[in-house]
Ligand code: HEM
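Below, in structure tokens: the form predicted on its own, a single chain.
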Amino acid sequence: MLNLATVVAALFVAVAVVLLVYVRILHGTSYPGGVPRLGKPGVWGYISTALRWTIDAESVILEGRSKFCGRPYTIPTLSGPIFLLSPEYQEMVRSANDDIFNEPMAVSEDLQLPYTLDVHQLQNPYQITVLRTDVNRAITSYIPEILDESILAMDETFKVSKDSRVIDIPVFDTMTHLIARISNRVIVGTGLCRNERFLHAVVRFAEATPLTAAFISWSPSILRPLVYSVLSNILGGKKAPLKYIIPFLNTYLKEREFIDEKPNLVTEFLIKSAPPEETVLGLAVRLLNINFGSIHTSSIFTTQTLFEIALLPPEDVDSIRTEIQEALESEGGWTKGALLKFRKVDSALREVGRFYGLVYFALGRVALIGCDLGDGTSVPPGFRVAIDTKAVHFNPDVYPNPEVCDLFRFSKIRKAESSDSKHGFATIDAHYLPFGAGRHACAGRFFAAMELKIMVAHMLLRYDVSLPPGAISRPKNIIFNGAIVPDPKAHLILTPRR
């Protein structure tokens, strides 16, 4: 039986937690600056709106847009208020230096990097420089390897049962594991990328990190180490994949001393760029960081694209296949030139990014100094700001019929303009924000574009993609804490083409 001292201690901790959460929420209801808050006044009004945001961010944003008519307002969330700004403030946020609107701090808060990875990821983010320089320069050399691994992985994954000619796949889970394997072909090489235990561990980490980070951010600071420890053991944390990455690095570091011509692995580029004081553990966590970015984002884009392709009439899918085949024939196979001509695949990926996106807000920043919004209101220091993504992506002046997901939207624009320099999947501009903007735009987006175009094109050449029998619409997305994720339980049917 519990003794009295234990009961008293437990009650004391519970009361302390409640008080800490209450104080933090009270702070979120009483900030200066004059920017109105969505929801009813007071602490309970804040909590009820924050709970709505957690499970239905879109309706909260639509309510705020209607109520405030484009003026800045704050959305209560369980981790603190977000100052949501309309598109007219986009350039102000994008162009501001990090000593005004700080992007790394926002990323660290969103992913709770000191817990989910480590504190060094943003103190010296040389992994971002590696992605932006070495990896982007190596993309052409990666194409044959990504294609080879795609063929091998899909042949092993998509197997027709004895009783049926079709393959029933849980799409999101399947795409996540395929991308983990295919990406790691050029991140760590063939040995580890085909290790099923490693793939399971790194996928589990990538899937769990956003959920774990949310619960950490909702917790009082004093309890965050405990919250991470508990959730990482339940959902999956960094320890499991690091058990494979660290031994791999130890072996690789020993063997590379005797290799004259170093491989084009991302691992090699990281080692060359690492500061002298970097440790094996530090390198391993950077590789885990790159894995997270690759697996999490790419699996969402691929899954959403396949759902939309499954809804297309056969003649539209055939037009995509024809373009792929003509590109391969004109360029002599799977080359960078051929991928540039996969305009319809590229358009489908970009339209999915426009229509669905990854989150309901873009260009998240932490205001380090007070910022005048020009209408008599201001953002106080220490608070989060973001741009309303849907207001940008659904602007009818930029995108006719924005409520329609038209996979050929951007290929038609590129054809009309006779230009391949704009409107590509990885191209960023003021009207397309899934990859961010400015100097903080996603450094790995060109690698992702190459990988996803190869995967989608190869699948379409080999398989017909359709909804399960009886389904007439695509599965609904899951909304959590402002993020948009495909339904992990949803299935698609693949039928091998003759």
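Start at 1 with the first residue shown and count on from there. None of these values were measured; they are calculated from a predicted model.
Beyond what is shown, the protein has a form predicted in complex with the ligand; the following relates to that form.
The ligand in the predicted complex is not approached by R65, whose heavy atoms all lie more than 4.5 angstroms from it. The ligand is not drawn, but in the predicted complex it has no heavy atom within 4.5 Å of K40.
The ligand in the predicted complex is approached by H440, whose closest heavy atom lies within 4.5 angstroms of it. Of the heavy atoms in G293, some are within 4.5 Å of the ligand in the predicted complex. In summary, among the residues F269, F425, F101, F342, the only one with a non-hydrogen atom within 4.5 Å of the ligand in the predicted complex is F425. Distance criterion of 4.5 Å from any heavy atom to the ligand in the predicted complex singles out S298 from the list S298, N184, S347, T74.
For a residue to qualify, one of its non-hydrogen atoms must sit within 4.5 Å of the ligand in the predicted complex; none of I82, I216 and I484 qualifies. In short, of 460 to 468, 441 to 449, 57 to 65, 44 to 52 it is 441 to 449 that has heavy atoms within 4.5 Å of the ligand in the predicted complex. Scanning 33 to 57 for heavy atoms within 4.5 Å of the ligand in the predicted complex gives no residues at all.
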